[in-house]
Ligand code: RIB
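Listed next as structure tokens is one chain, alone, in the form predicted alone.
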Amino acid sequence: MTNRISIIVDTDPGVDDFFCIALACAYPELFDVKAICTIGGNNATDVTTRNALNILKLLRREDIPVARGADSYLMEEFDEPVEQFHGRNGLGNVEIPETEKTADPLSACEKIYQVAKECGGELVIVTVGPETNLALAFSRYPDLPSLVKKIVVMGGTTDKGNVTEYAEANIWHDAPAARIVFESGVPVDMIGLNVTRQAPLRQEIFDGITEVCGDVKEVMSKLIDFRNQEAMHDSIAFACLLNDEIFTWLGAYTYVIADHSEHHGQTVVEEKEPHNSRVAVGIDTEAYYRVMKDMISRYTE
């Protein structure tokens, strides 16, 4: 296969992270998934790493390495697990088969750099959790920005946050890391709550799909119910790599406030040059649902 997009998914699985990883894995003709890198946030890093390994087993993609990430944010310890949104086990209390695979010998930070060098400037990094691993990699390897083509961020918002009035969770949890990422010089596509909230994922997504692999469908259905058929934010962000026209984009200079004020974690989007980002400001929900239905239909017996 040629002309595939080389990808790393940096994630903290995570209920909506499951759907993001499923999208990445469902299109081997389009995406060369070089690694899944894990970070804590939704749960401890040991838990999110084990979840990532088990998800890949369920999706029959154990060829993809999992690199374990940091055990704390850049300047603070992790908070308690977010059981309300991700359950005790990080996967909505849904049990999936355990794999015998273990994490890659390289840390997430090291893996990002190794893969970036191998990809020669063509690597796309999709980050759908706190951006600690990326920030550590940029700080440790000064040449890394020149080796990354683009970063797709599920995080931030142009309107109301979900942790504070101003801040979305992925950015708020490690605002200093997010600031480093946005200031890295690598172009950023930001898909925030302002658009993801508009696209809840309901059970009707399975309508008309009869050949879905039973175990994958069962897990997806349970996860949708666990989240009360709300939006799966991380999969919405990844969908831009399958259809860029799902979103209406605004070229902008975006920066992150990291000062522990009431605006801590806010993504400030300014329509001024130089642009460091494209910010999603509108979404074609029906186009997104078509992407999700196509992805689900690929997990067949």
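Just so we're clear, the structure is a prediction, and the values are computed from it rather than from any experiment. Position 1 is the first residue in the sequence shown; the rest follow in order.
The same protein has a further form, the form predicted together with this ligand, not shown here; the description that follows concerns it.
Of the listed positions (144, 224, 181, 169), a single one reaches within 4.5 angstroms of this ligand by any non-hydrogen atom in the model of the complex, namely 169. Of the candidates 89, 99, 162, 198, 162 is the one whose heavy atoms come within 4.5 Å of this ligand in the model of the complex; the others do not.
Between 131-139, 100-108, 113-121, 227-235, the stretch whose residues reach within 4.5 angstroms of this ligand in the model of the complex through a non-hydrogen atom is 227-235. Residue 188 falls outside the set of residues with a heavy atom inside 4.5 Å of this ligand in the model of the complex. Interface residue remark: residue 193 is counted as part of the site for this ligand in the model of the complex, having a heavy atom within 4.5 Å.
Residue contact check for residue 126: none of its heavy atoms lie within 4.5 Å of this ligand in the model of the complex. Put simply, residue 42 is close to this ligand in the model of the complex: some heavy atom of it is within 4.5 Å.
The partner is not shown here, but in the model of the complex the stretch 5-19 reaches within 4.5 angstroms of this ligand through a heavy atom at 12, 16, 17.
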